[in-house]
Every structure is written in structure tokens, then in C-alpha cells.
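Below you'll find only one chain, the form predicted on its own, shown as C-alpha cells.
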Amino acid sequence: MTAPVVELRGVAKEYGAVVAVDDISLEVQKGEFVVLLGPSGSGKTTLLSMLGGFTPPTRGQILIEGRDVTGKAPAQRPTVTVFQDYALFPHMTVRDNVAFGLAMRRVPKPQRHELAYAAITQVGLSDFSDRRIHQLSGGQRQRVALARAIVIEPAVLLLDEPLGALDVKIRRQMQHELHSLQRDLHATFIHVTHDQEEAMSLADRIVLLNEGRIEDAGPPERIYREPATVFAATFMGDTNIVRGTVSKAGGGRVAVETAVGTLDCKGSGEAGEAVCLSLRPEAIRCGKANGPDSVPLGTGRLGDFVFQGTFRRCHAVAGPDASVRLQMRLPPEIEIEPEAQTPIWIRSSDIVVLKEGQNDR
């Protein structure tokens, strides 16, 4: 395996008694698109700022391309940061904004204009080279910021919520363009966001932060389908957390006694151990159970229907004493009367046994 382009070794940042980043170790491979995801205060922006050289760590080491840059200023690192406000120069044209970094590196004017135009073309703004920044839309300004960053060919491009100021439609379009640009450049991107959908759309690997530490890390599909902790499950979209006690374990499977019955699924544990199960709303079905992998959840009384385009959100009240309330997402073509009673079930493969995360202890 090749050496990582970025390596964090026990990096921490403290502000007095407040620990913003707590002993994080992380490797990022060349050409990887890593998204740092987490709620406000989780440490993701502080971590990115330390990578860019804007915030010194309290302790730990930061290596980029095998070189220790822990004490280096931003200009001395092979990184470029794209900020949410883009930090463009309003008195300059698009071309001069993009060429600015090259000018600081004393690249001759004809060459830097040629390189700047190539970068501008790469982000789809070849017809806007001579425009001023105030003449551009938000999405176009974001493209200029990207062009200015990629034109100097940094080893790592750091993106601090660069799509946060855009409206929903433009943000979705820019997510696609950003993903395509990263693939075309074969570049290493580290991107900060609090938007789970954005993270899953962009990332090769999501690093989920919680209270300054890594709560979970892996490919988006794994993080969503098989989260490591209760925090990861609840942060990565809607889910139902059902608590129970292991009654039997062995062969990579457990039987868990819950308020909706005994649920059998993949997992590990010991008899008598308290566990949490994650049941995604879209995985819970209604009607007659279908297939050998099906696990009954009893009879549910369905209500609170809300049409949301590709599905209908509702709740099922289940359990012998009607003590369990489960979120469900039904296909829009399924018609069920409010307060109707129906069998509900889930596939065993869709049940995830979770360990308690640092926020759940």
C-alpha cells in the first residue's frame, strides 16, 4: 500500500478547558475524496483549519506527502483551502482572481494567464473570464474559487462547507460538478459539511466526528447501512432505535428480546447484555411477511401519514402494550387507512446491532 498523502498522528486542539479536537489519528490516500461530517461543535472545521495551517494544534503531528508541516504556515504547505465565503477579490476579473496564486508564485504573466484560462474552462466558465465578481451568481463564484484553488495543483484541496451558501437546487448541481471535477483531476479532496446527503453524494469515505473524536469512518453505504454506534445511526438519517437484551448468541448472530418481540439478526454479544438495534424507516414493511429472512414486529396501528414524493412517511404504534412508536416510509402506491391495524416486519439483514457511542454512554 502506498504512503498516505495526509497523516494525522494524535492531533488535538484545546481552548482552555474546552477540547475541540481530541486525539485524532487519520490517514488520507492520494486521490481520495474524504468528507468530515458532524454536527456543530463536533470539531470538523477546527480539524480542517489545522490541516490548512490556520490553527496550530495543541499537540500531535500533521504530515502531508510525508513531510511534517505541523508548525508550517498555510503558504508553506502543499494545500489550498476553499472557504464558504469564497474570499474572492471583487476588484479583479475572474481571470485575475484565478491567476492570483500563480502571480504570488512569480509565474510569468503569459503562462499564468494560460493556466488560469485552462482552469476556468475546466469549471465551465470559459465565457466569463473578463467578468467582475459582482457580475456572477453564487454558483459561478463557487466555480471561480475552485478554479483558483486547482490552478496551482495543490497536493490536497481543503473545502470548508463551500456549498453552504447556495440554494438547494444549485447546491445539488454543484455537488455533482465537484464530484466530477475531483475524479477528472485525480486529486485529493478533504471536504467539511454538516449535510448528511451531501456527504453521501460526494465521499469515497466519510469521517463522522462527535465531540472532537471520530465516531465512525468508512464508505458512505457502510456508514448508513451498518453504522458503528447509536450516534452514527441517528445522525446518518432517520432510524428507529429499539433497546433490548440478548437472549442467545453464537455463530455471528444474536437473538434480542425487545418490546416488539424477539428479533434475530447478525451481530455479537453475550446473553443478558443490553443492546440497541437500528431499524431504518424504509426497511420496515407492512402486510404479510415475505421470505425466510423476514422478522415479524407484531401488529402496528398506522397513522400520521405525510406524502413526501417518493414515499409516504408514517408512524406505527406497536408492541403488546402499544409502547413502541416506529417511523416508516411506505411506497406512495400503498394505500392504508389512518389508524388501520396491519402486520409489520423487517428483514433480518436490515437490523443492525449497535454499540453505545461516546455520546450515549
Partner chain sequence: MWARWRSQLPVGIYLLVMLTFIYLPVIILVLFSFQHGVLPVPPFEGPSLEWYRKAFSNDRLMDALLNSVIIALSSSFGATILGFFAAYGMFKHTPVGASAVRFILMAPMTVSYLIIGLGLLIVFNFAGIGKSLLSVGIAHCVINLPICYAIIYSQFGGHLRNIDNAAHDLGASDIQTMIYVIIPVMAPPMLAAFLISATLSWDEFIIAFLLSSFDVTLPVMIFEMLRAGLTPEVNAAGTIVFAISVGLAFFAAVAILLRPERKS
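Everything quoted here is computed from the prediction, not taken from an experiment. Positions refer to the first chain, counted from 1.
Same protein, other form: the form predicted together with the partner chain, not shown, and the subject of what follows.
Asker: Could you confirm whether F311 comes within 4.5 Å of the partner chain in the model of the complex, counting heavy atoms only?
Answerer: F311: no contact with the partner chain in the model of the complex.
Asker: Can you check whether G139 is within 4.5 Å of the partner chain in the model of the complex, heavy atom basis?
Answerer: Flag for G139 set to no.
Asker: So in the model of the complex, is the partner chain close enough to A118 to count as touching (4.5 Å, heavy atoms)?
Answerer: Outside the cut-off, so no.
Asker: Does the 4.5 Å heavy atom contact test between G101 and the partner chain in the model of the complex come out positive?
Answerer: Residue-level check for G101: yes, a contact with the partner chain.
Asker: Using heavy atoms only and a 4.5 Å cut-off, determine which of D238, E114, D85, D264 is in contact with the partner chain in the model of the complex.
Answerer: It is D85.
Asker: Report the residue, out of A271, A259, I170, M92, that has at least one non-hydrogen atom within 4.5 angstroms of the partner chain in the model of the complex.
Answerer: Contact check passes for M92.
Asker: Heavy atoms within 4.5 Å of the partner chain in the model of the complex: which stretch among 216-224, 171-179, 141-149, 196-204?
Answerer: Heavy-atom contact with the partner occurs in 141-149.
Asker: Using a 4.5 Å cut-off on heavy atoms, which residues of 68-84 contact the partner chain in the model of the complex?
Answerer: Going through 68-84 in order - heavy atoms within 4.5 Å of the partner chain in the model of the complex - the hits are P74, A75, T79, V80, T81, F83.
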